[in-house]
Ligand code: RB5
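The chain that follows stands alone, in the form predicted on its own, written as structure tokens.
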Amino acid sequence: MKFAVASDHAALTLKNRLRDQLREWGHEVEDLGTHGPESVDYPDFAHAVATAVQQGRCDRGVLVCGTGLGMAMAANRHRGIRAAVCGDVFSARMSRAHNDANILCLGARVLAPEYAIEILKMWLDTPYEGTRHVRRVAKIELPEGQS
């Protein structure tokens, strides 16, 4: 699977760790930044990852900031993106099984790196169940012309 990953300056260390872990697990990773500790604006990186997933350049995405909240808010502005903030393995599992989340958002200031990796692993290993959830997931999208 191919992943787009990005973070803001607050989460650079965790993003790098998650990127390396994805590669170790055999996935292809496109690192869209940030690449240094200088202050940056998280929406720029959320939009880059959401666009990569939306356009099919990457299968899924991982976004990391202080809490994961801002990244998810920005990414979810894109049609077809279902970015989920997950602070525990149960939420990670449910975001995939029931919501077909295609971007995982994590908080570097609220999660230990080892636990963030556990969350990522659960998110990766959980398939979308489909069935009764297909109708519900389809209702997440607004009809064309509505905003």
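Please read all numbers here as calculations on a predicted model, not as lab measurements. Position 1 is the first residue in the sequence shown; the rest follow in order.
The protein also exists as the form predicted in complex with ligand RB5; that form is not presented, and the subsequent description refers to it.
For the options A48, M94, I117, L69, the residue carrying a heavy atom within 4.5 angstroms of ligand RB5 in the predicted bound form is L69. Heavy atoms within 4.5 Å of ligand RB5 in the predicted bound form are found in exactly one of 23 to 31, 95 to 103, 80 to 88, 60 to 68, that being 60 to 68.
In the predicted bound form, no heavy atom of H133 sits within 4.5 Å of ligand RB5. Taking the partner from the other structure, ligand RB5 in the predicted bound form has no heavy atom within 4.5 Å of any heavy atom of L14. Although the partner is absent here, L124 lies well away from ligand RB5 in the predicted bound form, with no heavy atom inside 4.5 Å. Contacts between 7 to 23 and ligand RB5, taken as any heavy atom within 4.5 Å in the predicted bound form, involve D8, H9, A10.
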